[in-house]
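The data below hold one chain only, encoded as structure tokens and taken in the form predicted alone.
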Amino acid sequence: MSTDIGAWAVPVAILGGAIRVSTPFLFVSLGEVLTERSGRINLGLEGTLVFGAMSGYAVAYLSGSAWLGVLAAALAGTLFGLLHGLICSLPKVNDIAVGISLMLLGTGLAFFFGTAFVQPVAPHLPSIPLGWWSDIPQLQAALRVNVLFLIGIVLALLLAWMLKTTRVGLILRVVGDSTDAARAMGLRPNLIRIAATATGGAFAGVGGAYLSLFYPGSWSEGISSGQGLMAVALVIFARWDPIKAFWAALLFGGAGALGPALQSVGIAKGYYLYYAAPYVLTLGVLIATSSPNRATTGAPGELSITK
């Protein structure tokens, strides 16, 4: 049986690449949706992502368990989110400035502590061969889906359900839209925002663990390539909706997979330009959402970008 898929090679490669590349975007963006829905923006997720990748890889190598590495990454992300939330709860503190500071702190700590783990090989996360029914190797590779991607889909659905139908979601939306209204209801906005930011940080940490424990599956200082910052633009593009954030993550993932997909079929001319596709897309998203009449549509009222 022929295994040559001809013109379908590029779309199949982009599909597989989109699934692989989108997973960190998905986890970081879901965490940021949760954080921003509470009325706080966290630009420090890039540092959280990198530190989560390092800590997850280190614990997986030392323990021999990739899942313990994921747990460690989530814990590291929670601590960074908690720190961000606590600092931002102080009077006259700007959450954007705090986020940038924690981004630099997270990347610096990851580079410092991660030096010893550049060479060692840690166990990888498992994947599910959804293309088992096909004899085409390219299709089998494209449909080899990591477990975290499937978990991310479930989390997006649960988060959307929580925000729309549960008391917890209602409280989060009230706090995000108006601090005064939340206080009038007897709520504690700072405490709720701290919890949301810490949970969002845990999501970002898991996204970092995916990078180091599955794709690309190693630890290095350049592992993130700005995905944490791009995810913040993705959340704005998705209008703070978890389901839209999932589709936006796939779109960003497909852009990131464009270069390798074209290279796999022998198109090497302009190779490095294709790798710029995610950054061009991010710039396009920021421009498209910069209209004064449209930029804040659906945004929580307490976000810094709405004031």
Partner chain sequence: MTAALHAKTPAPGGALAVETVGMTMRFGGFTALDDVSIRIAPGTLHALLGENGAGKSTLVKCMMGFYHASSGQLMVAGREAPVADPRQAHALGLGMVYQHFTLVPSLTAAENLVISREDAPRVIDWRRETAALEEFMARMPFRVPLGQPVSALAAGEKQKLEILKQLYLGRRFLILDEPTSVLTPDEADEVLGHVKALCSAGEITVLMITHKFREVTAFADDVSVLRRGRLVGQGRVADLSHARMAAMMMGEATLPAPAARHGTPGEVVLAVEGAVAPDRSGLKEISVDDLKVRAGEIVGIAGISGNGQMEFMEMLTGQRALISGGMQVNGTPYHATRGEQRRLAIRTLPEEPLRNACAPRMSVAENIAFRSFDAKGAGGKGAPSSFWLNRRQMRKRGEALVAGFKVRTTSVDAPIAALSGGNVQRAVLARELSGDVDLLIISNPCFGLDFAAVSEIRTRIMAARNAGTAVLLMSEDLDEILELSDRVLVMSEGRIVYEVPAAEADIPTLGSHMGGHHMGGHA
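Numbering follows the first chain given and starts at 1. Note that the structure is predicted; figures quoted are calculated from it, not measured.
Just so it is clear, the following notes concern the form predicted together with the partner chain, a form of the same protein that is not shown.
At the 4.5 Å threshold, heavy atoms of Val121 stay clear of the partner chain in the model of the complex, well away from it. Not displayed here, the partner chain is kept clear of Glu221 by more than 4.5 Å at the level of heavy atoms in the model of the complex. The closest heavy atom approach of Phe113 to the partner chain in the model of the complex falls outside 4.5 Å.
Contact annotation for Val154: none of its heavy atoms lies within 4.5 Å of the partner chain in the model of the complex. This chain is displayed without the partner chain, yet in the model of the complex the stretch 163-171 from 141-149, 80-88, 203-211, 163-171 comes within 4.5 Å of it by heavy atoms. Contacts between stretch 47-75 and the partner chain, counted in the model of the complex as any heavy atom lying within 4.5 Å, involve no residue at all.
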